[in-house]
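In the form predicted on its own, a lone chain appears below as structure tokens.
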Amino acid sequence: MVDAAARISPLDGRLFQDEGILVEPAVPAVRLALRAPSAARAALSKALGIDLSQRPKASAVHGARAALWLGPDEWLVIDEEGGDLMAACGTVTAFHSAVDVSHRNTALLVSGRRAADVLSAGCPQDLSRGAFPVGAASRTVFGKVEIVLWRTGEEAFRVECWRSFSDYVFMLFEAAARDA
């Protein structure tokens, strides 16, 4: 496992704040790309201490740990306290695939009354509260980058992206915020 506390974000020190919008890096986190058939879901949920929902666009949160549904057999598990997710999955004998992607991903937090408008400048996802309520999560795009988008509050989103694209994503947020 990679020590999340020692990891340096590619966006350290970056911050964009304007009227009604704040874009900032999320704290370092451990991330797990998890694939499993429905027969393994209960055992993995128990081992991870969080429900692996089977409902599209669903998320579950327990403390600093979250599980985001990405597909019928796929979740992104995030732990901001640096928990050993791989060790937890290692206790499960049911068939599954767990890959630590902590080194690959980083996240931006987008919040404020203009957050959905700024995201909509580069994301085709319907971000209305009816279509994408608090807790909704999905794989989508922002500009030309694949992201995982999670609505964490009425006016707050977490945007997971590959570290190598994070500067582009941040600058696109800045440009969208200035134009929106």
Partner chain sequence: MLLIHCPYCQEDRPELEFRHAGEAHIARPADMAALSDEDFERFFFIRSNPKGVVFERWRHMHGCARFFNAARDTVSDRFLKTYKAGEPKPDLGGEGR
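Numbering follows the first chain given and starts at 1. Please read all numbers here as calculations on a predicted model, not as lab measurements.
The protein also exists as the form predicted together with the partner chain; that form is not presented, and the subsequent description refers to it.
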Which of 49 to 57, 25 to 33, 150 to 158, 108 to 116 lies within 4.5 Å of the partner chain in the predicted bound form, heavy atoms considered? The stretch 49 to 57
**Request:** Would you check whether the partner chain, in the predicted bound form, lies within 4.5 angstroms of a non-hydrogen atom from each of 17, 170 and 174?
**Result:** no
message: With the partner left out here, check for me: in the predicted bound form, does some heavy atom of residue 74 sit within 4.5 Å of the partner chain?
response: yes
In the predicted bound form, is there a heavy atom of the partner chain that lies within 4.5 Å of any heavy atom of residue 120, even though the partner is absent here?
no
Would residue 70 count as touching the partner chain in the predicted bound form under a 4.5 Å heavy atom rule?
yes
Examine residue 41 and determine whether its closest non-hydrogen atom to the partner chain in the predicted bound form is within 4.5 angstroms.
no
In sequence order, the residues of 134 to 173 that place a heavy atom within 4.5 Å of the partner chain in the predicted bound form are 138, 139, 140, 141, 146
